[in-house]
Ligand code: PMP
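To begin, one chain is listed below as structure tokens, in the form predicted alone.
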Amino acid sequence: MAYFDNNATTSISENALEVYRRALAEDWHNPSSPYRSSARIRAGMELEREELAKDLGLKKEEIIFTSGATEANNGVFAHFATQANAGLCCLVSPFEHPSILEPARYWFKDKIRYLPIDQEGRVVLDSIEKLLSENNICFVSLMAANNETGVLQPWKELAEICLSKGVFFHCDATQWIGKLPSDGFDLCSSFSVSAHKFSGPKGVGWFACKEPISMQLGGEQEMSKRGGTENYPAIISMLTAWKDVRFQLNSPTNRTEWRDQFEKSLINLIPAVKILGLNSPRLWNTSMFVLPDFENLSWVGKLDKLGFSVSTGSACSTGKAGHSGIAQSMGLSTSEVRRLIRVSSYWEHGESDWVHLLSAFEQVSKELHKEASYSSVISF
């Protein structure tokens, strides 16, 4: 199976899986218990927290282990909810992940302001200082890289502006971490990460925050910021995956070329295909495009039968009616949304995988057109 849906989830790496198995068998004790076996686990977890903080240019106490970015993103908005009640606004991009947009709408309701964007799906910062001063903004949130198009956002620049204005800046770093260097996240007031995006296990991540935000009540764990027994096997597995991937983060250049060549060849094969974010800097692993003919599920089903896994966009939006955030912000029609395809590779993919993926698209295109020629009802 050629798996090209890594923005939804990556497979757990061999090292992370082995560490996970061993910890489940040997280090299953509650880290908060008073005996030696628990104290050993607790000490090991704190050493790992300290090393991670050092990697990110943070203090150890600024790292909270969570169930993933969705929990952290929700927690930030819940924390600032009292300021929404006081009449202050939050500022977000219109194409954030649902774990940002839905809490924003729930807590801030009509007190949400949206960052301006260009036609390529990238935030424009020209008027940001004016937006911050005129709208009583208490909190700004911008993803580092879009999960659907892969477009890279100017999060570092926005973090610096917010820092100079004394405004809290949160960054959903879920798609960036594990694909690009992590320099600069120490500029953020907070940022969120999920392990399963960089070959760690599902259900674990971290929340880095420079202010004392309580994520979950009910215990003294995580420096009293997130109650509940820590999932040590998942945490140590996540940090093993992080250590493995961080050494690869400075060498994605030729991988970008493989994706670019795939897109050029796809345009030659299907001239009317529309690549989203084509002229913006993007993650090296991601391509999202609108096909001119046939609904995306027809493409996905036939590609799946050929052994290729691709998606129609954000896994967290699958099955929902309406447009995704990126589709709305980029002005796609309902018909175009039904023809969206996203492919996303990861470190284990080589150039030949992209070449084989293109061949599969060519075969499916021929099959769909042949079937359409036999039918009086054609799905566009």
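Counting begins at 1, following the sequence as shown. These numbers were taken from a predicted model, which means no experiment stands behind them.
The form predicted together with the ligand exists for this protein as well; it is not shown, and the discussion that follows is about that form.
Taking a 4.5 Å heavy atom cutoff to the ligand in the predicted bound form, the contact residue among 282, 259, 226, 97 is 97. Only one of the listed residues (153, 190, 194, 240) places a non-hydrogen atom within 4.5 angstroms of the ligand in the predicted bound form, and that residue is 194. Across the options 232-240, 218-226, 116-124, 97-105, residues that bring heavy atoms within 4.5 Å of the ligand in the predicted bound form belong to 97-105. A residue is said to contact a partner when one of its heavy atoms sits within 4.5 Å of a partner heavy atom; residue 147 meets this definition for the ligand in the predicted bound form. Heavy atoms of residue 174 reach within 4.5 Å of the ligand in the predicted bound form, making it an interface residue. Mapping the unseen interface onto this chain, residue 68 counts among the residues with a heavy atom inside 4.5 Å of the ligand in the predicted bound form. Contact annotation for residue 143: at least one heavy atom lies within 4.5 Å of the ligand in the predicted bound form.
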